[in-house]
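Consider the single chain below, provided in structure tokens and representing the form predicted on its own.
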Amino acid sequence: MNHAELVSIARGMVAPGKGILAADESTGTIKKRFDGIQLESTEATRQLYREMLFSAPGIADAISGVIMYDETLRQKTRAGVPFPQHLASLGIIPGIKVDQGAKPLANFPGETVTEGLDGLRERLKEYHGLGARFAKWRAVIDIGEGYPTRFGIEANAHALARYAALCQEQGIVPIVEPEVLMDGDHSIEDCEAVTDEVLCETFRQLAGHRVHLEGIVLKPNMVISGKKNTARATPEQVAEATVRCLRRWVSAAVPGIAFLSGGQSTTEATLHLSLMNREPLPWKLTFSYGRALQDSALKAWGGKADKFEAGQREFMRRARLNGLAAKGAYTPDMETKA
């Protein structure tokens, strides 16, 4: 493990004014997205959709890295260039999702634990050979009646830390993603309390596993009200609570934090990020969005050959707006101007 190389990659992933495209939807998830535009999900249509995103003119101006699914990492452009090689040629860092999903945590109703540690060392070696230089593992923490429990948080943080250590051993930067879900009717105060506990335990486990903090990127949730809560916190309250929480638990050694959008609307995710970036912080704050970058582009494309460039334009519009948000320079009126 070369620490200097890990640090260099991690810093590149959170380069100023750029963020990470999460294009790591599983085959099942991408089918649901394609159902929304009445497009059959086949390997060919999935390849074409990813190529639309990855070949968008100017993509490297706003995107620093791309998280891919196993199938996508092995696919090629229509010109025959493997996707990781194509992205690297643009100066974009190729990444790979390595977890195998959140499964019910036995004896803990309502809680899950993420699986995928078995055989991970060997998979990481293969992915490194295919061109991946960072990886992603998502832990899922839900808020409900009687949960999360202390044990549920510890189980997920432990798995995250084991994954992170294995990544660094293989020269791959781990994205550490402990997500407190915004499903449910909880208040922003409840979300902050749980996020506090999750981040505290995550960094305790990372330290215990001797993970080199300068060579990771954190991908947390924003501190936000549950979607079913009618008393929604304002964007300013979300930004303030999130930064307060991060300051408490995230070491200044971490080069950057790339937020997930987690069910927020496209414009909400952009505005919240921009508001947080309006004060000096010890780490870079940027985005690692999936739906919040792709939804409008997917609709603009609609699976139609003559709309390929329209899809690319819409993707770049959102990518650039989020790039501005990563500098604290986005305002909602830009939505109509862009």
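Just count from 1 along the sequence shown to find any residue number. For clarity, every value in this text was computed on a predicted model and none was experimentally measured.
There is another form of this protein, the form predicted together with 1,3-dihydroxyacetonephosphate (13P), and it is not shown here; the text below is about that form.
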Report the stretch among 56-64, 285-293, 307-315, 36-44 that approaches 1,3-dihydroxyacetonephosphate (13P) in the predicted complex to within 4.5 Å, counting heavy atoms only. 285-293
I'd like to check something about residue 136: if you look in the predicted complex, is any of its heavy atoms closer than or equal to 4.5 Å to a heavy atom of 1,3-dihydroxyacetonephosphate (13P)? yes
With the partner left out here, check for me: in the predicted complex, does some heavy atom of residue 260 sit within 4.5 Å of 1,3-dihydroxyacetonephosphate (13P)? yes
Answer with yes or no whether residue 111 is in contact with 1,3-dihydroxyacetonephosphate (13P) in the predicted complex, where contact means some heavy atom within 4.5 Å. no
Contact between residue 22 and 1,3-dihydroxyacetonephosphate (13P) in the predicted complex at 4.5 Å, heavy atoms? yes
Of 218-250, which residues get within 4.5 Å of 1,3-dihydroxyacetonephosphate (13P) in the predicted complex if you count heavy atoms? 219
